[in-house]
Structure formats: structure tokens, C-alpha cells
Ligand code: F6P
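A lone chain, given as C-alpha cells: the form predicted alone.
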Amino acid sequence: MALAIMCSGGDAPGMNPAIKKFVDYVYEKGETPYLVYNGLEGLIDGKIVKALHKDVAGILHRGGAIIRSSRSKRFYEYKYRKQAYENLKKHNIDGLVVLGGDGSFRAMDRMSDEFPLNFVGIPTTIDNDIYGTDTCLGVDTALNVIRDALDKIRDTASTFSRAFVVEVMGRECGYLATVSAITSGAEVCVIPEADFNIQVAQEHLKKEIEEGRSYILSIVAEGTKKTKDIAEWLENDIGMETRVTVLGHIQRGGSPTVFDRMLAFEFTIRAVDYLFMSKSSNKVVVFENGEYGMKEIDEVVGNRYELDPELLGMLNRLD
């Protein structure tokens, strides 16, 4: 039995540990592993190579993905999806593990409706916006990158008595911003999932400034598109010299944390085991309420991820 692994969409720390575990575990099971290079584009172009142990040696600590990733406009066309499926069949590949996010799973769902594609998705995105799983591969590392940056920014904010507005990633999901604000003690957090009461915040901050507060740390989720507005508000209405920092793609890079490495191992083992067990899987591995499980791809892509109300409650208690 031959299995393949590919990455699709944005990269996330933990992809390389998953790739290594895939190759080692498939060989351990006495079967043949393949690597699909360049994501969906590589699947279309037939960039499919039999994996050797040496291909994945020494990659656990590396960020990114050694097999690279991509997004593909061509994949929207039936003829290219057919070509991708035929490329898998050329290598007698029976199952595919897909490291990706919501868009990647939608692509696989579409392809599986048209062809007898046997795949298992591993939720891999720093945005943590996939329905049915409490955490995705790469999230913990991204949070630690943000935490390190915020700790350093707070140092200079307090030294120069300034306000800093820090924009973090997450697309339309405010998970990274929320957890980062809570764990860094930020005074302001603006996310897509909740209205920001600027009047209440202004009264609160001005009172604290009168009582001796000398700096402000604000976290803004990119999906709100309010980074500039918050900076102008802090400068003009709160009256504090303000700087803006957009963390950008550093949040996607870096050596995966121990948690993300272990998560990658568990996700991958369960994905491979399921592919060996089933000839029509089309599932996504999830981690929910402290336990690993499988969800139907239709359920995952057919529902919208919602931020945990408990996190929103903690956010409302920022001080």
C-alpha cells in the first residue's frame, strides 16, 4: 500500500515534524511513503516522489515545510483536478494525508466528490479557525512567537511611556489576538468576534493614566482592519505617543514548540492508521476536549469555527 503526504495553503510550524513522522511511520508499517512537492500545484504537475529516510532526517527543528506548499487557481478547474488524481494513480497511491486549513479541505472535499480519493486532513494553520478541533498544528508556536515579541515591545513601551499597537495574524479569526492579549496582559484587544466599546475603553484608560499608567499595549487582529484606527485613537484621544508594529509572517516561522511537535506526531499517526483501515475515509483528525478523534470532511467545511466563549469572557476582564 502506498500513501502520500502534501502541504496546502499557508505554512505553519509543525509541518516538518508531521512529514518526518509520516515517512518513518509508513515504513514502520511496511508500506511505501510518497512526498508531494509544491502543494496543489505539485499534485497537478506530478511532483510526487518516493520518500527515503534520508529525505526527512534532521528536520524536526525546522520551521516551514521541506516539501513546500502552494495555493492553486488551476485546481478550481475540473481538468486539473482530474490530472491531479491521475498523477496519484500513476504511483498506485491509495491514500493522501493533507496538511492544511479550511481552503485545503474544501479543495479535497471537491476532488473526493468527483474521484474515489481516500484522504485524511490534518488541521494545520496558525489561525486556529478550523471547525471541530480545539487547536491546529502550528498555533502553539505562533503564540509563543507573538508572546516573545510582545514581551520585548512592552519593555520599550514602558521605557519611553508610549502606546504600542501590535497587529497579529488570524484572518477573520481573533484567536491569536485574544490568547495573546490575555497572556501578555494587554490593555486593549480588538477582534472580529466582539465589538470594541471605544468609549468605555477610553474612560478606563484615562482614569488609569491619571492614576499613574505610563504605557499601553494594544493587540489588534488583522481581520478587523482597525490597526490604523486604534493607533490614531490612542494618539489623538488618549493622548499618548503611539507606535504600530505589524508582526506579519514571522508568526508562521520558527522552530516548532514541543507541543506542536507532539501534536504533529499524534495527528499523523492517527491519519495514517485511518488510511490503512479505511478505503473511503475523507476525514479530518481533530483534537477536541482533550481527546483525538475524526470528523467527516463535510462537517468540518460545512460549519464555521467560533471562538470559545470562555476566552471572550477572560478578554472582557483585561485590566
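If you're wondering where the values come from, they're calculated on a predicted model, not measured in any experiment. Residue positions are given as counts along the sequence shown, with the first one as 1.
The same protein also has a form predicted in complex with the ligand, omitted here; what follows describes it.
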* Structure fact -> The one residue among Arg71, Lys206, Arg154, Arg74 placing a heavy atom within 4.5 Å of the ligand in the predicted bound form is Arg71
* Just give me the single entry in Met108, Ile126, Val97, Val190 that has a non-hydrogen atom within 4.5 angstroms of the ligand in the predicted bound form. => Ile126
* To do: Using the partner position in the predicted bound form, report whether Arg261 sits within 4.5 Å of the ligand, counting heavy atoms only.
  => no
* To do: Using the partner position in the predicted bound form, report whether Arg252 sits within 4.5 Å of the ligand, counting heavy atoms only.
  => yes
* To do: Give a yes or no for Asp102: in the predicted bound form, does one of its heavy atoms lie within 4.5 Å of a heavy atom belonging to the ligand?
  => no
* Asked: Using 4.5 Å between non-hydrogen atoms, is Arg213 touching the ligand in the predicted bound form?
  -> no
* Okay, which stretch from 232-240, 110-118, 126-134, 142-150 lines the ligand in the predicted bound form, with non-hydrogen atoms inside 4.5 Å? -> 126-134
* Go through 138-174 residue by residue and record those having a heavy atom within 4.5 Å of the ligand in the predicted bound form; state none if no residue qualifies. => Met169, Gly170, Arg171
